[in-house]
Every structure is written in structure tokens, then in C-alpha cells.
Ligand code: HEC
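Only one chain comes next, encoded as C-alpha cells, the form predicted on its own.
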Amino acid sequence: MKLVIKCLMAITVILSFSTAAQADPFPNADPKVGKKRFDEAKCNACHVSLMGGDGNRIFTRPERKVKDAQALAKMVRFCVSQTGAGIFPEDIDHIAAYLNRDFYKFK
């Protein structure tokens, strides 16, 4: 009986670690707010000019540069600094959360 309890405890610990590893990479951000800020700043207008039509293709193309959640937040900061989009620093994670939810799906 003690062995069964120890095994169950070990499984619980393992599952809690695997759940944490798959957690939302932007836990304090709101993708809905991010979408609103993305639209207000007209981010996709720049993407349309870069991609020659469908601006969302910048997120889904096979050769995309962003490979993880950290790189996504870094890219959003880069775009904001390069364009002067007027996005507040606290909105960076909101935008990254929106892009992750709708395009990237990083865990």
C-alpha cells in the first residue's frame, strides 16, 4: 500500500511539472487587449507592405524568424521601436499573447 501511495505521489509531481512546462508563455497578458492594440496601431498595414498582400502571412510563413515565445516578445518590441507605433511597454505582452494565441501557439 505504501508503494502505491509513493507511486501516486511521484506521478502527481511529474504531472505538475509537465503542466507547468506547457503553461501559457504570457500568463499576465490578455490576447483580446493585444488584438485591440495591434489593430489600433495598424501593425498589419506594415506587414501587408512587407508581404505584398496578406499581412498575416508574416506570422505563418515557413521561413519565419520567430521560433519561441521569448523571440516573439522580442520581435514585438523591435517592431514597436522601429515604427514608433505608440504602443506602451505594458502592451507588448498583450500583443505577443494575441499573436501567440492566433498564429504561433507556443507553450
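None of the values given here were measured: they were computed from a predicted structure. Numbers follow the displayed sequence, beginning with 1.
One more form of this protein should be noted, the form predicted together with this ligand, which is absent from this view; the next part is about it.
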Inset, instruction - Using a 4.5 Å heavy atom cut-off, state whether residue 66 contacts this ligand in the predicted bound form. - result: yes
Inset, instruction - Using a 4.5 Å heavy atom cut-off, state whether residue 29 contacts this ligand in the predicted bound form. - result: no
Inset, instruction - Consider residue 35 of the chain shown here, and say whether it contacts this ligand in the predicted bound form, taking contact as heavy atoms within 4.5 Å. - result: no
Legend entry - residue 97 within 4.5 Å of this ligand in the predicted bound form, heavy atoms: no
Inset, instruction - Using the arrangement in the predicted bound form, list in sequence order the residues of 49-66 with any heavy atom within 4.5 angstroms of this ligand. - result: 50, 58, 59, 61, 64, 65, 66
